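Single chain ahead, by itself, as structure tokens, in the form predicted alone.
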Amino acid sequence: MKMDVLVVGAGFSGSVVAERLARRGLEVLLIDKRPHIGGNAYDTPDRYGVLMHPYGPHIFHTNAPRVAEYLSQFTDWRPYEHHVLAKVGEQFVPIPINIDTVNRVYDLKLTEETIQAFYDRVRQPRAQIRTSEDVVINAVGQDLYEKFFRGYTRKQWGLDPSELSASVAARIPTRTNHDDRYFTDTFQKMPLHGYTKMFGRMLDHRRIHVEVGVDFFAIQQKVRASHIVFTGPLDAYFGYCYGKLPYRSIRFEHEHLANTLRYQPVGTVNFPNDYDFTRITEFKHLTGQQHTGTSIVREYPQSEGDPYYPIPRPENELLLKKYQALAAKESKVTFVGRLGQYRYYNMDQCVGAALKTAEEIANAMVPQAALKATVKPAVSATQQARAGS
């Protein structure tokens, strides 16, 4: 096998890099060990015809115009704002915590003028914010911490919030208004025909060659590429020579409910204190699909299985630095993405990092004289049609 660039992994990071490099005139081989493109964002109809996400719900949102504009080349969009409820006792209340959450849990009548005083009264200030427990108790106190955060975190991460870096809890805000959207980004939409269709259009380029069901480590010695972009686990690339970087995995339990138009009132319901699963997502909320039945997924976090979430703890950062030192010596390999960089990235962050990475690689590999001589990048028939629509 010979090509300019081998990209390992056909998820967001790998696909974006492959598309950008192909547009710059480089021949790209994109491989993935799974039998499909799209990585964890892959979606497909289940056997009942409901479009679902096999690897859990993926809701797109971003504040980065560049990312939204880039992806809009490959998909039309469906407006969608994600709403989440949490089961606390016998109630289902909005999460992140807002005025309505507090009022319903404590049977109060707080307003935007009085909610902050409530938080100030119940919060327990921490002199230093080091852990996720510190973040939450410092903001909303012990009782709301116990009701909403501690049990969910223990299930999700297999650790108490006091054992996790502050960055985990910092992702979930506490609100002083009635906004019950899970995200507040300026761009909140879902690919109109699904993620897989979007990836297919992104990779529809004559300089991109896609092979799925291919394990990089099985073909590594046969590859002849000027550069490798690796989006798999960083520690796996180096044979786990310093030990494994810890991840949390998830077991997904999918279920179809025939003759059920709606299973739950919102896209996702969290269960911080009940059951072994953390949440239930109903896909028709996300996709807007019309169907006589509905399909849901329950998520059971676990320690073994495919790596999904890097575990942010100080000792893991120390181990990461050892692997980063090895990566820095690999002049012909670039590591990118959640697994390649061991970072808890959202999808838009993966796209942003991949765009930057692709630009750096292309600038290094494509001579400036060749760039000036390029009149027009190669564009597939599909992309030409979309550009003219």
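Because the structure is predicted, anything quoted here is derived from the model rather than measured. Start at 1 with the first residue shown and count on from there.
Not pictured, yet referred to below: the form predicted together with a small molecule.
- The candidate spot formed by Ser303, Leu319 and Tyr342 lies out of contact with the small molecule in the predicted complex, as no residue has a heavy atom within 4.5 Å of it.
- This chain is displayed without the small molecule, yet in the predicted complex the stretch 164-172 from 70-78, 220-228, 164-172, 112-120 comes within 4.5 Å of it by heavy atoms.
- Contact annotation for Ile95: at least one heavy atom lies within 4.5 Å of the small molecule in the predicted complex.
- Using a 4.5 angstroms threshold between heavy atoms, Tyr182 counts as touching the small molecule in the predicted complex.
- In the predicted complex, none of the heavy atoms of Tyr247 sits within 4.5 Å of a heavy atom of the small molecule.
- The small molecule in the predicted complex is approached by Tyr309, whose closest heavy atom lies within 4.5 angstroms of it.
- This chain is drawn without the small molecule; in the predicted complex, the residue among Gln156, Asn103, Thr176, Thr287 with a heavy atom within 4.5 Å of it is Gln156.
- Only one of the listed residues (Tyr263, Tyr152, Phe283, Phe187) places a non-hydrogen atom within 4.5 angstroms of the small molecule in the predicted complex, and that residue is Tyr152.
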